[in-house]
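Single chain ahead, by itself, as structure tokens, in the form predicted alone.
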């Protein structure tokens, strides 16, 4: 498995500019088409979230009977996945702000996980999507816990990352919740306890409400079926956590995904930005159901190019983006879920052990100025 050099060829400055114009043209055409069909779609997703949640919770109230418990847990897990991926994630990217419907407003939507939407809008919507795969600026690179690239210096702590990765997947919503707290700065003495308490208060309030809802309120309402309902909620949250972790890790940590130094931001044009998004992302091949359940993040490349366009449209534009990439010699990273997952697992295991450190500066968005 080769991680270096880049599978993309160097582009000249003129090619980068032309590349950016072609991507812009795709966006402009899709923007002009967005309308009632997209509104109808997200309203249906919203309804599906509510119906599956009601059905799942209702069946769990009869959870002493194993078939009801199993079906109720799966439906509740499905509802949480849809809410997290296709509804919450995409609405909070502002993909449906144009509808002027308060329940689909990306600036005010609050999703059904322990992490606050405001923190996510900062760590993900702003930092991750602005500084995608730039070491030291995109906190999603290993989430401060894992070494996934040879450009990260090895430390003995990483020997345990295959074990940590399993725990992280099972509790992924908690990782998202505390990502913005920068707990490492507290332990390193670079953040006061007062500053930490101020940052942690909203997270604690949101987590408390979520824990109360899933692990106290609904089990108590079930009366004698307290334990089956409690266990069903635990498993449903776990299903959602693992699926979300799987989709996100397969979207950025496959074999040919690249990281970049901060220097790529100097004089970065729109075309360079598009190149960085593509070279840092990975798609997943699959059917319509998988695309819906992944919030269309199976089209991670298109999502990073157009994070504020309805994700429902990514399948439509993906062939055009792939064609543009092929014509310019830009690697379009795609594969089946299991193929991409295998590469993620390989990274987690391989870089748990010492390897030759590769200075991140070698990972440039190479542009052959001489040839322009």
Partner chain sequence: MHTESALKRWLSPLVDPKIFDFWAAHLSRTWRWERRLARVSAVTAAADGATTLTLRWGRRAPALLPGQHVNITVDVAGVRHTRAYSPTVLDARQWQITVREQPGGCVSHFLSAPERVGSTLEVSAGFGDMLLPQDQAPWLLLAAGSGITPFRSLLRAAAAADALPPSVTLLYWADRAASLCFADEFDQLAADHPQFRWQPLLTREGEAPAARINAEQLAEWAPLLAGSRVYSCGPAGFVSSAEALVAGQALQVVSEAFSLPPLQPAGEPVTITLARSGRQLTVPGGTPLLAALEQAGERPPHGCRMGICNTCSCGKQAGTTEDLLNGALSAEPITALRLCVSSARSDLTLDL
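Residue numbers count along the first chain shown, from 1. What you see is a predicted model, and the numbers here were worked out from it, not measured in a lab.
A second form of this protein, the form predicted in complex with the partner chain, is not displayed here; the remarks below concern that form.
Under a 4.5 angstroms non-hydrogen atom cutoff, the partner chain in the model of the complex lacks residue 345 among its neighbouring residues. In the model of the complex, the partner chain lies within 4.5 Å of some heavy atom of residue 46. Shown alone here, residue 211 lies farther than 4.5 Å from the partner chain in the model of the complex, counting heavy atoms only. The closest non-hydrogen atom of residue 31 lies within 4.5 Å of the partner chain in the model of the complex. Among the residues 189, 223, 102, 287, the one placing a heavy atom within 4.5 Å of the partner chain in the model of the complex is 102. 98 is the sole member of 98, 196, 157, 164 with a non-hydrogen atom within 4.5 Å of the partner chain in the model of the complex.
Using a 4.5 Å heavy atom cutoff, none of 88, 111 and 182 lies near the partner chain in the model of the complex. Of the candidate stretches 336-344, 314-322, 46-54, 65-73, only 46-54 has residues whose heavy atoms lie within 4.5 Å of the partner chain in the model of the complex. Using a 4.5 Å cut-off on any heavy atom, the residues of 274-310 that reach the partner chain in the model of the complex are, in sequence order, 307, 308.
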